[in-house]
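The chain below stands alone and is given as structure tokens, in the form predicted on its own.
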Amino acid sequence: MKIRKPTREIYVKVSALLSSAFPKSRYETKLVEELHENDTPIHEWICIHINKVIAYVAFSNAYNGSEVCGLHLAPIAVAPKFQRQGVGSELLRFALRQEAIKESPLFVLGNPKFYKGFGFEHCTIPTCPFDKENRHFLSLRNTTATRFIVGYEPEFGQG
């Protein structure tokens, strides 16, 4: 297994992976395709096994108003036949060690049991616009003491 940054030529494989990993939702695939099409700055990595993209992770800017206040982890995906084998965990651990990620406050909307294993904790502030009670909103290295609704890149379609 190799982990590396995707190239433009690989984007179609990333889309195929996201479609297979999220078969009931087009949201994740559309999100990443739009981030790529708009050249929105993101940090992303893929995991390749025998020339197939089997896992993907991305981080995009998080905002307090117009100021960047950290990064959002979203999405993370693993091909169905490689799920529950530690591939996603290995890719996430790799990403968390990267220079662009390791110092930044991180936010994620997801399964608390999974993300707590990587040091994420429930986040009370800021508030997530997609989870008003922050039940599934977690953070890592979040030192903010100010109440605000965290912003996402426009491709996320927050309302």
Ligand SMILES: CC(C)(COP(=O)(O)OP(=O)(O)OC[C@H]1O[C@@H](n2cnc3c(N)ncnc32)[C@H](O)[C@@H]1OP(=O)(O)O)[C@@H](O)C(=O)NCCC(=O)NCCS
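Here the structure is a predicted model, which means the values were calculated and not measured. Numbers follow the displayed sequence, beginning with 1.
Although it is not shown, the form predicted in complex with this ligand is what the next lines describe.
Within 4.5 Å of this ligand in the model of the complex, a heavy atom is found for every one of A77, G86 and F114. When this ligand is considered in the model of the complex, A21 lines it closely, a heavy atom lying within 4.5 Å. The partner is not drawn, yet in the model of the complex one stretch among 105-113, 61-69, 43-51, 124-132 has residues with heavy atoms inside 4.5 Å of this ligand: 105-113.
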